[in-house]
Every structure is written in C-alpha cells, then in structure tokens.
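Consider the single chain below, provided in structure tokens and representing the form predicted on its own.
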C-alpha cells in the first residue's frame, strides 16, 4: 500500500476524504492501484461531527438495522485492520446501556428480548443509579462498536500525505475533462474519478438529479467527569464517549432546517434532557453541527455513471455511514476492478434513466 503518484497515469482520482473517501482510497491502494485524494480540509464534513457508533438495532421499536448481520462483522474487521496499519486503536466494542425513557419503551425492549432477540441483553438498573435516573429500568445492546473517526481520518490523511497521494484544495468540476482514456484534472490523468464529497455531489452536474435528502445533525461535546466512559448511554438522547471525560451528546437528525449553523434550541433541549437524566454535574465545552448527504429512500448511491463510466460516486450514506462506508467503498472498488456486482439496493443502476437525462 506504499504506492505514490510517480505513475504517469493514476487509476483513481478520489474527491473527498471524509469517511467514504478514506475507505475508497484504502481499498484502492490495498488492491495495488494508484490514487490521488483531493480534499478541502477547510470544509467541515459530516464525518467530523458523527458519533462514530455502529448500533445493530435502531428506532423506538428496537429492530435490527438493514443488513447489519453483514455490515457489522465487515466493519469490525475493516476498522481493526486500518487501525493496525496506522499503529493505533480506532475501534472498540462499547455496549449501549438503554435507560428506558418510558414504560412503553421498557415494554418494547422486553418484547424484543423475548421474541426476536439477537443483540439485546438484560442488565441491572442499580449499576447506573449512582449517576442516572432510571425509573423505567434499563437494558443493553451488545456488539455495538465505537470508532474514533477523527483519529482514523487524520491518521489516514497523514499516510496519504507521506506518500504524496493527497492534495488539499477545493475541487472545481469546471477543471475536469473527460477523455477517451478516462479523465484529466489540472494535469492529472486518471482512469476514473470517484466522488465521495458529501454535499458537493448535490451540485455535481453528473449526479445532481439523484434523490438526495440532506439532513442536519447536531451534537454537544460535554464534560461529565464522573460518568464511566466504556459504554454508550441511550435515553431520549445518546451519550457517547468522545475522549478522556468528554462525551458526544446528540439526538435525532432534522430533515427540515433553516441553515447549517448550531441551533440554540438544540443546545437548550439537550441541556434540559441531561439535567433530567443525570444525577452528576456536566459542562458543555463545544457545540458541533454537520449536514449529511442522505437519500430519500435511505440507501446509498454507489456505482459508475451509465453514460460516463470513468465517473463514479459513493455517497448518500446518511446516518448509518460508519457501518455502510467500508462495505460499499470496497464493493465499488471491486466492481471497478473485477466487475463483481454492487448490492442492488445501493447500486446506481436503479437511477439509470434519471442519470441518462441531459446533465
């Protein structure tokens, strides 16, 4: 994986080095291919403000997430392997302690535990009563994993820079030329260009007709000195270990929002919820926000443009990016190199008619 850009022509030009761009370049290099990553480090990506959690169950009904039996083991190995390459630990198992917010949620947990249980476990509410109010009891989700996304992305970026595989600049599609042999951008020739630039793809003339549905996610970074940081806590909000005694605190994303700025209403809501839940003091130290390039049908966009096969996309991961990104980045590189199929629910082929319309 120590290839550099000394090659006359690259195999891949990858736009964006958030979560998806990291995995695309990782798998391209692992396959022995050459690549260059173009990324604007001054633009905040959704990956920088994500919690880093892969939770196998979701929602108020506590049901398993889409294809989690496939995604979870793949992700655990992928993040572990990348961490080993970076000589650090970026992933660990961190069970979710469910602090039931209502009798209804307690009953929902009990039903799933008895009837469709794969990941759920019982625990003892008294273990958490020293620092949380637990009037409706507790439960637990096992096999949840937590990824230190900031450590992973910055560590991989340093690796790319070391091997001259990274350009820090804002990508302007006006500089892109399609040729018979691939693409050219600012004198760099590549067989393929793949866009993993988050919201940028919404203005991309080749992909802007895809059904993007961006959502806004906010979180507080909170110091909670007396809270054990080996687990994730979930009530009406999530409390996720961040680093040291700092925790990521967030709730549901918003599909309708006025702007991308931190919201005072969100901060007030989270602080009120923390006061109601915690018995111990806390201190807000930061308020972060990111816009995710999600998809109206809640499935990613993965594949090559039907009219321009030298142009590809891997985007639209939404709120499940940590579990989806390594799997579908790998699928796209494998598709480009061997023709192996992309999962039909994520494949760009399902939008072939839309994409063949004049851009």
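Residue numbers count along the first chain shown, from 1. None of the values given here were measured: they were computed from a predicted structure.
What comes next is about the form predicted in complex with a small molecule, which does not appear here.
Proximity to the small molecule in the predicted bound form holds for none of 177, 204 and 310, with the criterion being a heavy atom within 4.5 Å. Contact check for residue 248: a non-hydrogen atom falls within 4.5 Å of the small molecule in the predicted bound form. Not displayed here, the small molecule is kept clear of residue 126 by more than 4.5 Å at the level of heavy atoms in the predicted bound form. At least one heavy atom of residue 53 is located within 4.5 Å of the small molecule in the predicted bound form. None of the heavy atoms of residue 29 is located within 4.5 Å of the small molecule in the predicted bound form. Figure note: of the listed segments 285-293, 106-114, 88-96, 128-136, the one touching the small molecule in the predicted bound form, with heavy atoms no more than 4.5 Å away, is 285-293.
The partner is absent here; in the predicted bound form, the one residue of 122, 170, 186, 77 having a heavy atom within 4.5 Å of the small molecule is 170. This chain lacks the partner; the member of 62, 38, 304, 68 within 4.5 angstroms of the small molecule in the predicted bound form by a non-hydrogen atom is 38.
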